[in-house]
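The data below hold one chain only, encoded as structure tokens and taken in the form predicted on its own.
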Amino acid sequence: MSSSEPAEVSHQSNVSFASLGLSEVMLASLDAAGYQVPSPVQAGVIPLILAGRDVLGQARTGTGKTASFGIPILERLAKPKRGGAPQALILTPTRELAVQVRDEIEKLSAGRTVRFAALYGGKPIKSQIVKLEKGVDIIVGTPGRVLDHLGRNTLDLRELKFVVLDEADRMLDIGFRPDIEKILRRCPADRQTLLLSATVDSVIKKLAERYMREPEMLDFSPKTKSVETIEQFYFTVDQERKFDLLLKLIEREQPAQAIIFCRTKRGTDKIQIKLAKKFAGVDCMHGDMNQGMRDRVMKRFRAGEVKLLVATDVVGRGIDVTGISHIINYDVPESSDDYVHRVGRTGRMGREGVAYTFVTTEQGGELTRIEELINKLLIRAEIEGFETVSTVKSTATTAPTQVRFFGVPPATPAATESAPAPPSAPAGPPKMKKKHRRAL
């Protein structure tokens, strides 16, 4: 490898797409697609790929990374042959991301004759086989379905010039490493390999050392795991008042588009049904929905027809829509890293965004862990005239708005004297009414 650690990259304001040596056809398609200036990831990665280098790029989602590899791949494709084998293979962790990547690169291919195929589960394999038999130039797919085609001998990788591992850390997190390695071993040795990952740990480095040729390592990640353009707030709220708070928050904020994250599929369905009675343009996504339904929801969401999308973390990473103005964590995520990925759905490509998290008094430790990870304190939010915490729980009715029982920094001595002590941590999960238990 060219260096043991990724080189940190800063964006130069004088970089333009024209200065990157792109063709007139590509510059025209970029202009038609509304691309004005390259993002730092695009400015750093595109020249290296055009020069034939393997690249290991550390970059979070929402930084323009799809175009960073899509643009140079399109520029370097050989003239397609009738019935020809694919020249580029892009592996993604989820079906939703595979569709997004295909659609984005297809948009950038305006003015060219390029054939695409998205290979993922949940759709009949026969239609994919027919498309492959007719000839495909660029394949975007999930490792499992790509491996399925290889096992059936319906996919020929012998003419591959490019292999992209997009969101590599996520693919490894969900157990795709064996499939990825099997696929890479079937690819030509002289291919160009591009690996994009939000994090680069020892496992990613070992994968790069084994399957890449002296990759150029670039780090586009921020210093902390928080996105500076996103304002982040929290509400302290009783479990039984969360939905009423959600209604009040939506009415106050009037989001252009928002994602409301829940922990469970059942909770997602319940919130979507209740919201749809109050607002237009409400839909949901979770793992129990078939692929056709999920595709239709995402199409409507990207078109702006869906304003409020209720979703679980299972599909949260596959959502990449630049118009999302608000993230609402109806349920605190199970892990602090999931919080980062949820909040990262807004503030895309440098735009501003807002995130709100609903926290019960029993979840103080979870809020603190999130703040420690992102190295930032969430701001306590309130809605005028709406009591989020029952005053029956405390003899001091003003305590909920004066004292923060959890997180950092701790309450001042004066505030502590006038407020009740925080509830002791229960031995097990907090006792909730049965109808709310699955929403946690």
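Residue positions are given as counts along the sequence shown, with the first one as 1. Just so we're clear, the structure is a prediction, and the values are computed from it rather than from any experiment.
The form predicted together with a small molecule is left out here; the points below concern that form.
Checking 254-262, 100-108, 292-300, 195-203 against the small molecule in the model of the complex, the stretch whose residues place heavy atoms within 4.5 Å of it is 100-108. Contact annotation: residue 44 falls outside 4.5 Å of the small molecule in the model of the complex, judged by heavy atom distances. Under a 4.5 angstroms non-hydrogen atom cutoff, the small molecule in the model of the complex has residue 37 among its neighbouring residues. A residue is said to contact a partner when one of its heavy atoms sits within 4.5 Å of a partner heavy atom; residue 61 meets this definition for the small molecule in the model of the complex.
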